[in-house]
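Just one chain follows, in the form predicted on its own, and it is written as structure tokens.
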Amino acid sequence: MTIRRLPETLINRIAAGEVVERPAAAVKELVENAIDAGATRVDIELREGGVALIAVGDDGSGMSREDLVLAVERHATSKLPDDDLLHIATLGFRGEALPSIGAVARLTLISRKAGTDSAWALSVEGGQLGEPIPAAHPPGTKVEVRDLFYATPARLKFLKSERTEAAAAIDAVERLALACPSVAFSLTIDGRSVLKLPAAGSGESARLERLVAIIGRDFIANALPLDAVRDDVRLTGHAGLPTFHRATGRHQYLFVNGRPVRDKLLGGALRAAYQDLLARDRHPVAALFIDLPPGQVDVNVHPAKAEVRFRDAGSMRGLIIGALRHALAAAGHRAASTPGIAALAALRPADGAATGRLDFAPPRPSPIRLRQMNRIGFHNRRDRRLPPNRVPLTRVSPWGWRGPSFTTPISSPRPATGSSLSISTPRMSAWCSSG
């Protein structure tokens, strides 16, 4: 068997699989380029989940004719002037995004450098580079990606539905918007505006405003502020109360030096801080911002730039867990103020009730009691096989909301005021005081 060199176009398509695995990855790379170019406004448009069209326009510094040609060459970038990978201050630095997108789609760039009176357009189709031509465009850059993965049809088979791919793109834009509150963002999908965030400026107030716009006002009302420092590392942000949780970890926003990341170390530390307060199938809501010297973190781990490596991983994990547990302990018995959870927390047992209805939960549950309540099934609606000597009882709120069922022995009488009632489920037993 003879060894031969692969064609350049095939090499680029192979490498593109790590950088652009779905439309959301292309959106992320293009928006990061716009932010690195100093844009104050970024406009994104998607069609058919990003497969038919991804258009990203900005008012950044723009590119000249020569820069436009270099921008679509692999490993050509303006973000490492001193070739130092240990002190990276930009979101992008690998010079792979535009070449990778151009290798698997129909890519068009239109850019006008600030201070010049002419713009240039360049097209790349399936890795085939065209010639720059004059164009009309305001200062800034617009990138259009059409027919994503037309050059690699096998990749199209692994994409999910348009709705799922669009949701992933929205999530990518929201995370970048949280990282850069000073930049205005707008996102349009199939002609419908789904996200419009004005520039919020800088500072803590701007971050809070962006958190309210993306996560919701309920999060700020039920979150604890964080501000902890260890050596040269600072952790800030907000973490939700144990009673304010979600069924998935999608609402966990982690940032390292302004870069959105999905790091296993950080996610594991967040779960460890809540492990005694939440059921295993529930996830906390948090927005954590970590700032540390660039030399103490390596962001050149994967082409997607979503993973990082810390020089002192143990210290970082200890800082996150310690800061979160300290904030949660200081909150004491504070419970979430959202209507649904607050209503459950206010229910009391009905004295003298002879029926099987039981309104569960003391007025101010402790963290341990909350953990027991969650395990009993406040948020777990899965059916369970009941032992023969159990009968289902139901919690009912003042608004008529019927909660999940749990069981108590048929022979157990209604306890007198001041006594305890043993509530047994297939998973555990919990005790609550009546009266």
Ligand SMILES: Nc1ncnc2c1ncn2[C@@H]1O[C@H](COP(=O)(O)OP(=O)(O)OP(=O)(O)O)[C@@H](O)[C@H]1O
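Every value quoted in this text rests on a predicted model; they were computed, and no experiment measured them. Sequential numbering from 1, following the sequence displayed.
Form predicted in complex with the ligand: not shown, discussed below.
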Quiz item: Are any of the heavy atoms in L195 no more than 4.5 Å from a heavy atom of the ligand in the predicted complex?
Solution: no
Exercise. Using the partner position in the predicted complex, report whether S315 sits within 4.5 Å of the ligand, counting heavy atoms only.
Key: no
Exercise. Although the ligand is absent from this view, report whether V51 comes within 4.5 Å of it in the predicted complex, heavy atoms only.
Key: no
Quiz item: Do A97 and the ligand share at least one heavy atom pair within 4.5 Å in the predicted complex?
Solution: yes
Quiz prompt | Stretch in contact, per heavy atom within 4.5 angstroms of the ligand in the predicted complex, of 210-218, 87-95, 275-283, 152-160 | solution = 87-95
Self-check item: Contact residue in the predicted complex, chosen from T236, Q296, S78, S182 - any heavy atom within 4.5 Å of the ligand
Solution: S78
Self-check item: the ligand in the predicted complex: contacted by all of A34, A37 and M63, heavy atom 4.5 Å
Solution: yes
Quiz item: What are the residues of 146-176, in order along the chain, with a heavy atom within 4.5 Å of the ligand in the predicted complex?
Solution: none
